[in-house]
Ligand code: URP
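Form predicted alone, single chain, as structure tokens, below.
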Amino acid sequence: MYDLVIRSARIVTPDGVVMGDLAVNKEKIAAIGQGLGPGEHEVDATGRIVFPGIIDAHVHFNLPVKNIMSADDVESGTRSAAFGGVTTVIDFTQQNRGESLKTAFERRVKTIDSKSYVDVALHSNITSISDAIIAEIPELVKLGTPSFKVFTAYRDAGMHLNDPELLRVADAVGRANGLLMVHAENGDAADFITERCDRAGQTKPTQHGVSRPDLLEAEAIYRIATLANIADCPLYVVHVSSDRGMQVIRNFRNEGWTIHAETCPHYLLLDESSYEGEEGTYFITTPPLRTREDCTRLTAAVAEGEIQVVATDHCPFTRKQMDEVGGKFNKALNGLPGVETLFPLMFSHLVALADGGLTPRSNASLILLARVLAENPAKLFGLAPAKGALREGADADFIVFDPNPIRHVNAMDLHGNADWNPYAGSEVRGELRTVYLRGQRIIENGQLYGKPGIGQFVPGKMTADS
């Protein structure tokens, strides 16, 4: 007798799409196959698809931007995640200037306790270094944060590291068997262009892309990849926004360098025309939205496996917060909401549309979606094999999805604290029916059953597959 059996579903596993049943015992997947034995609870999932629980590998809860706190805290952000089928998020520690990495880690873990609706892992932000901080990196890997993010931008915010500092971090991370993450833009050049625009009175939202052209992304990727290669450290480039940046990654990979790439739904679906409307400042994010051609080429890079992860960089603000800073691009708050719409948007974009019809016909597209939204981030950030894939022995994190309904994104139907959404009005295919976290139903038919505290901090542990 199983605790739970999902019957007659289309189950997306790493090895293929299985038509059959999925059984759960004691929070783990016990079996996947046809004609499995009885369950204490059984769900008829005929005509539906079972995906692994989504992992949003890049979110920001309680992030201060220009002295304004982002709208979602851990409780509201993970609640929103749960409604979107995201069962694990990876947030960031926030290192104060000169602060110990371990202190920043411990403070962040405390914000998760008793508040989260889904499981939470962490990346370590490194925004200042010293000999003592560098020496901490192996300990942070052991504590469960094997990924370390650095910035080549935001000097005024105290986040920018110079090349000697970047090289020291890369060397330490590589020797600790960790993964170096980078926000790659030439921040000094962006600041120079921004100041020039400001002096000329060119501060409309449409100037945002002018101030941070794709050349600055490509240059920073080239530079940090070179340093990481010298240090023999694997590199993960967050939120790749341009085909130009992707080409640098592609060229280095052809030479055998280890570089992983992430992009976001807004770089696949939105373009620079979003800055032209009355609410243009609402769409300010860094790097900026690019051309429609960039959207097309990045989508192709996802489909071809060149971009391994699609994550959201979720960092929302309310209309009031954004209006208070005014309509100048250089004063705007950088960040977009996205955690709740990640799966429905990407299913519609990478599966339903790719298959040329209203229902998904290609198992390859389903497997691709599961790979970039769950399997790959789990492997890269040390959460596999417990997370990221439907296989025996893994945590029973999964979603039951009906691919047939057609609906439209409505900001008022979402469950985070932001009162607007960049995808409002967009048509999406399908609807989540049930979301399970470690075998426990947390969402069903639009109703919340999970409670704050059901989510846990989950440490990452690098393996040979990472």
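Bear in mind that the values here come from a model prediction, so they are computed numbers and not experimental data. All residue numbers are counted from 1 along the displayed sequence.
Below, we refer to the form predicted together with ligand URP, which is not included among the displayed structures.
Participant: Of the residues His123, His183, Lys379, His260, which one places a heavy atom within 4.5 Å of ligand URP in the predicted bound form?
Facilitator: Exactly one residue meets the criterion: His183.
Participant: If you check Asn334, Asn330, Ser100, Thr291 against ligand URP in the predicted bound form, which one has a heavy atom within 4.5 Å?
Facilitator: For this set of options, the contacting one is Asn334.
Participant: Please determine whether Lys387 contacts ligand URP in the predicted bound form, using a 4.5 Å cut-off between heavy atoms.
Facilitator: Although ligand URP is absent here, Lys387 would stay clear of it in the predicted bound form, with no heavy atoms inside 4.5 Å.
Participant: Using a 4.5 angstroms cut-off on non-hydrogen atoms, would Asp91 count as touching ligand URP in the predicted bound form?
Facilitator: No, no contact at 4.5 Å.
Participant: Considering only heavy atoms, tell me if Arg48 and ligand URP come within 4.5 Å of each other in the predicted bound form.
Facilitator: Contact check for Arg48: no, nothing within 4.5 Å of ligand URP in the predicted bound form.
Participant: Spell out, yes or no, whether the shortest heavy atom distance between Thr286 and ligand URP in the predicted bound form is within 4.5 Å.
Facilitator: Looking in the predicted bound form, residue contacts with ligand URP include Thr286, since a heavy atom lies within 4.5 Å.
Participant: What stretch, of 55-63, 435-443, 29-37, 402-410, brings heavy atoms to within 4.5 Å of ligand URP in the predicted bound form?
Facilitator: Contact criterion met by 55-63 only.
Participant: Heavy atoms within 4.5 Å of ligand URP in the predicted bound form is the criterion; list the residues of 236-267 that meet it.
Facilitator: The stretch 236-267, when checked against ligand URP in the predicted bound form, contributes only His239 at the 4.5 Å heavy-atom cut-off.
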